[in-house]
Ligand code: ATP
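To begin, one chain is listed below as structure tokens, in the form predicted alone.
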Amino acid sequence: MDNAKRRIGIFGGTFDPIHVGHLVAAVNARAEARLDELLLVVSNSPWQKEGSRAITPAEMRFLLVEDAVRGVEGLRASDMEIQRGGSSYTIDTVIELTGSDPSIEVVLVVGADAAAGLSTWHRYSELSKMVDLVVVNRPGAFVEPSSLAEWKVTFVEVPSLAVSSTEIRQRSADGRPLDFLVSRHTIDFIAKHQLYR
């Protein structure tokens, strides 16, 4: 009997909308961290963004992520935070995932910008003892490795793609093209549902 743990990554986010930068980060993090699977976990209610701007309904964001990763080996969209409801806290997702299967080893994947703010996360000190951390570089974002001293961390370099969900929303609002920044399906979905107008 094989007692090896399955390495499952959690790459959480608002994904409003998901774009090529997220996908490049996801496939590179999965390969570098040798993950059996990477879950792109769509936040239900991103507590750190609440009240700062209008957020697309979680179910719509999940459909976009699900479509974006369809057919991509080792990546899977997850709506577990949506199903749980309320504010989305990563530690609750880790507890739910490991509680459902003790053979799982969880790896948390974050961008460098998110890594710089980990100390503000809900129960971050507990979380640092429960997961390995993979930090993916992002253009213009840098995290001082010494600020992550309590984490077991791996840094992953990915091609520099200066694209963000904020930019996608602004381009959509301005009527500028989104081609090659998001999938054709995402472009059609945004147009059909008049998102970000």
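Note that this is a predicted model, so its numbers are computed, not measured. Position 1 is the first residue in the sequence shown; the rest follow in order.
Form predicted in complex with adenosine-5'-triphosphate (ATP): not shown, discussed below.
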For this session: Could you spot which one of S128, S165, N44, S172 gets a heavy atom to within 4.5 Å of adenosine-5'-triphosphate (ATP) in the predicted bound form?
Result: S165
For this session: Would you kindly say which of V156, L161, M60, A31 lies with a heavy atom within 4.5 Å of adenosine-5'-triphosphate (ATP) in the predicted bound form?
Result: L161
Exercise. Quick one: does T14 come within 4.5 Å of adenosine-5'-triphosphate (ATP) in the predicted bound form, counting heavy atoms only?
Worked result: yes
Problem set entry | Interface membership of D113, adenosine-5'-triphosphate (ATP) in the predicted bound form, 4.5 Å heavy atom rule | yes
For this session: Give a yes/no on whether G21 approaches adenosine-5'-triphosphate (ATP) to within 4.5 Å in the predicted bound form, heavy atoms considered.
Result: yes
Problem set entry | Distance check, V182 to adenosine-5'-triphosphate (ATP) in the predicted bound form, heavy atom within 4.5 Å | no
For this session: May I ask whether R6, L35 and S88 each come within 4.5 Å of adenosine-5'-triphosphate (ATP) in the predicted bound form, counting any non-hydrogen atom?
Result: no
